[in-house]
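Single chain ahead, written as structure tokens, the form predicted on its own.
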Amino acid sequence: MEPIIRIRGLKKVYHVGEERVRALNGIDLDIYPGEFVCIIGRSGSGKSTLLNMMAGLEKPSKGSIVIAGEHLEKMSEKQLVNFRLKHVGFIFQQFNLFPSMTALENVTMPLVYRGVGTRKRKAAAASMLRDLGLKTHINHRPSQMSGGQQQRVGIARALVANPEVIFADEPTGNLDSRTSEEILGLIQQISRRDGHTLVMVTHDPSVAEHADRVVNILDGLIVDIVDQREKNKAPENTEEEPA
């Protein structure tokens, strides 16, 4: 299987006054279609910079990022915007919802930018909100919802356009442990159902336990990749059928 994300020799250097800060020091990584990959590391390790590079939000200093066969490092800003609209969904830690809009209106926004008609985009947004357990909150504004409900709206917005890749930046960072487990389960459930590739940044080992693979990053370098697919595989039912 060909990787949907292929990263080679990725480096990022920031200039802070007279200093050169190396955020990424040469990253090589392949991520495959339908995978759930967690990138984990402490503050300052380079994990968020790596996510921003993959999402086309920042330009690399050196190296290549290929997603769905296209080189992001060669694209103009306009091309990157169009690429993200077609291929990428985002789930943010801070929810980033429009406060004056209802849940339905917030979720329709990616479809508005894609030029989808009003009736079709409202139907798609309502369906996704129902999938995420928000049937009774479709017309609520963010101020009328809990943190967990707002994050469900954020997930619906990321998934409604059926992108190939979902990038999630600490999506459970502002939630309590019980709500975090629920939100993580929903992201996984719908991503697997619809065949999305999920790339999540976290500092929380308990979140990373759910991933297919965990990429540990330190000082801008990948120091370890742990494959957890066998460990996380659902146990088979070995009970015999009654005669």
Partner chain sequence: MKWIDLIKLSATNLWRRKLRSVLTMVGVMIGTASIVVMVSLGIGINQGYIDSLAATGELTTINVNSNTYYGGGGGYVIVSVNGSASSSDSKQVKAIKLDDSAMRKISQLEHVTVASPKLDIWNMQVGTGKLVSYYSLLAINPEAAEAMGIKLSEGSYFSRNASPDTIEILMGESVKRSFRNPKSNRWDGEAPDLDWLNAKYTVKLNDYNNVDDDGNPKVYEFKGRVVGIVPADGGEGGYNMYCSLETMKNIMKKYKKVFTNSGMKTDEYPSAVVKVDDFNNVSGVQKQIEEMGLSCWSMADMIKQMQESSKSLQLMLGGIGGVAMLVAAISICNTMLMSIYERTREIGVMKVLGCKMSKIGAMFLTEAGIIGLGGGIMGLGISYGLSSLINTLITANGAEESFRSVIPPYLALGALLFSILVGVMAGLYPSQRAMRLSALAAIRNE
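It should be emphasised that the depicted structure is a prediction, and the values quoted were computed from it without experimental measurement. Residue numbers count along the first chain shown, from 1.
Separately, the form predicted in complex with the partner chain exists; it is not shown, and the next lines address it.
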Does the partner chain come within 4.5 Å of a heavy atom in each of 135, 139 and 195 in the predicted bound form?
-> no
Heavy atom within 4.5 Å of the partner chain in the predicted bound form: which of 165, 145, 116, 126 fits that? Just give me the one.
-> 116
Partner contact for residue 182 in the predicted bound form: the partner chain, 4.5 angstroms, heavy atom | no
Classify residue 109 as contacting or not contacting the partner chain in the predicted bound form by the rule of any non-hydrogen atom within 4.5 angstroms, answering yes or no.
-> yes
Using a 4.5 Å heavy atom cut-off, state whether residue 52 contacts the partner chain in the predicted bound form.
-> yes
Exercise: residue 218 in contact with the partner chain in the predicted bound form, heavy atom 4.5 Å = no
Contact stretch among 38 to 46, 197 to 205, 56 to 64, 184 to 192 - heavy atom within 4.5 Å of the partner chain in the predicted bound form | 56 to 64
What are the residues of 175 to 210, in order along the chain, with a heavy atom within 4.5 Å of the partner chain in the predicted bound form?
-> none
